[in-house]
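Encoded as structure tokens, the following chain is the form predicted alone, with no partner shown.
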Amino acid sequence: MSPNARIVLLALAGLVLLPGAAAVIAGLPAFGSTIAQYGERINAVAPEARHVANMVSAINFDLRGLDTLGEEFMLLAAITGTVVLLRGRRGEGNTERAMRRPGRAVIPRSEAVVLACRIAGPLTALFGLYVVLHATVTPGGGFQGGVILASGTLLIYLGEGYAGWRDAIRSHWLDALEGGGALLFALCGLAPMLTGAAFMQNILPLGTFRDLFSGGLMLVENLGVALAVTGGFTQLFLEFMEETREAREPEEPGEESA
């Protein structure tokens, strides 16, 4: 598709979506108006019905879990599209050598940076796990914790360089995390139907209020989100990092056979 055709298609899509977007914006509550009725209802029902203290998790993983499932696959589609576009343009033949801009000095990594990253990396990963595990107890959850875990992997690059980063980060592992997490979330909706329950209806013990393992099926859904977000965002970091590498030089004719 030519660039002009893409612009025309984008303009047509915008014209189609604009009336709907305008209608939604016009229907929003006025700035500063109170919309506490919905929140008060959630606060009154969710703690007793789901034994969770974090109402945001109750909404995301239970009361409006189907919406979250859609968002999960939107993230999966966005990351898949980004990977396909970047890999399709540059190919798979990159080297470990970084591209150099003529006249730009290459500053060596200092020992202070290496030490700071080696200290902060494990602490960042530990904090990310904490945020994931306490999804039903305190503010946070699989998405927030997954982003923190993915951000922590960048400290490997900053501290150890590209070679150390690629030794620790494997693309096929990230694919498995991202796709497996989205699949796990979808199975949390389908599995209850096998027992005769409704889609995404809780079929696990709810646990004790304010306990780490409270919430029943929400814990499994939260794990799926954490896996998908960690794998997906790290995959994005990896693809953008690959854009900075030199392309592998084509082999001379007859060199492969030799």
Partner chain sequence: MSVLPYAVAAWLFGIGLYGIATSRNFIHLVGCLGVCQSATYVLLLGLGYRWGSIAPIFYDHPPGTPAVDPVMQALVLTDIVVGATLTALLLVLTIQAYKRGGSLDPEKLRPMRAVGQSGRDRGSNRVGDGERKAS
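Positions refer to the first chain, counted from 1. Treat the numbers as computed from the prediction; the structure is a model and nothing was measured.
Beyond what is shown, the protein has a form predicted in complex with its partner chain; the following relates to that form.
A.B. asks: Taking the shortest heavy atom distance, is residue 236 within 4.5 Å of its partner chain in the predicted bound form?
C.D. replies: Heavy-atom contact with its partner chain at 4.5 Å: present for residue 236.
A.B. asks: Though only this chain appears here, would residue 213 touch its partner chain in the predicted bound form if you measure heavy atom gaps against 4.5 Å?
C.D. replies: Close contact is absent here: in the predicted bound form, residue 213 is far from its partner chain, nothing within 4.5 Å, heavy atoms only.
A.B. asks: Determine whether any heavy atom of residue 143 comes within 4.5 Å of a heavy atom of its partner chain in the predicted bound form, and answer yes or no.
C.D. replies: Within the cut-off, so yes.
A.B. asks: Should residue 171 be classed as touching its partner chain in the predicted bound form when contacts are defined as heavy atoms within 4.5 Å?
C.D. replies: Heavy-atom contact with its partner chain at 4.5 Å: absent for residue 171.
A.B. asks: Of these, 191, 56, 223, 204, which has a heavy atom no more than 4.5 Å from its partner chain in the predicted bound form?
C.D. replies: Result of the distance check: 56.
A.B. asks: So which stretch, 161-169, 119-127, 73-81, 105-113, is the one near its partner chain in the predicted bound form (non-hydrogen atoms, 4.5 Å)?
C.D. replies: Heavy atoms within 4.5 Å of its partner chain in the predicted bound form occur in 73-81.
A.B. asks: Going by its partner chain in the predicted bound form, which residues of 12-33 come within 4.5 Å of it through any heavy atom?
C.D. replies: Contacts from 12-33: 25, 28, 29, 30, 31, 32, 33.
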